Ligand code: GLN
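Single chain ahead, by itself, as structure tokens, in the form predicted alone.
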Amino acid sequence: MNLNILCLYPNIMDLYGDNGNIEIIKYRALKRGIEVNIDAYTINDEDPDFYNYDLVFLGGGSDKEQKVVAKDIIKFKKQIERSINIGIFYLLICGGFQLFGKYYKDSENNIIEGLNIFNYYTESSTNKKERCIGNIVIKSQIENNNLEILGFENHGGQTYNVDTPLGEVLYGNGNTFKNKFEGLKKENVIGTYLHGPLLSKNPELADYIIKYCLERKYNKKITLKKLDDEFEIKAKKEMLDKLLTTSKS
């Protein structure tokens, strides 16, 4: 078995080490004997064929970087939309998440047009006190199981009109300042503000993505070999206990 992964603009959209998410996917796949091929696309490269991939990843960037990427990625809108519709998995972090919506309005009221794949939109808050920054915990349902997802958020953009959020906020902000919900989740799309990188703190989520991609590709039920996550589980539990106890006090 193998996985083919496409990283979009990894030299531009890598805020807070977001590309580390793909290293986690690769590590956990290789530990199970699953081959991994990772291709990168950035501006001036040969156009990728999105349909050849099982997972497409886009990380975060500042307003300046988003403007640059927005002008280039728009040429792939039809391919991206169709690849989502046929089930290819997309993982979108922060700025990447924003670019798949209608638009992003920055702090100077400049509009960065999004791909308009989804109906949400993002506007930068003019109140610096409303910046969403710090540790965050959300409760999400993954394969009918409740999963507490841990991460770090740092965004001035406030994202509105998300119809299917990734999860309920237990600690932190979310899509907007003091929001009850965070991110976007479809069967084969996760968009989120959680950095960290996200998957290093949440190996269960990494395995969900790997399993989904393999089951779609090979059209059969996949049971992943269990890995030794004792250290990761203990570290995550300690952080969750600390944050969730604080939120209740």
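Numbering starts at 1 and follows the sequence shown. Computed from a predicted model, the values in this text were never measured in an experiment.
The protein also exists as the form predicted together with this ligand; that form is not presented, and the subsequent description refers to it.
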query: Stretch in contact in the model of the complex with this ligand, which is absent here, among 62 to 70, 205 to 213, 180 to 188, 37 to 45 (heavy atoms within 4.5 Å); finding: 62 to 70
query: Contact test, all of Leu15, Arg131 and His195, partner this ligand in the model of the complex, heavy atom 4.5 Å; finding: yes
query: 4.5 angstroms heavy atom contact with this ligand in the model of the complex for Gly157; finding: yes
query: Contact label in the model of the complex: Cys94 to this ligand, heavy atom within 4.5 Å; finding: yes
query: 4.5 Å heavy atom contact, Tyr104 to this ligand in the model of the complex; finding: yes
query: Gln98, heavy atom within 4.5 angstroms of this ligand in the model of the complex; finding: yes
query: Residues of stretch 171 to 191 in contact with this ligand in the model of the complex (4.5 Å, non-hydrogen atom); finding: none
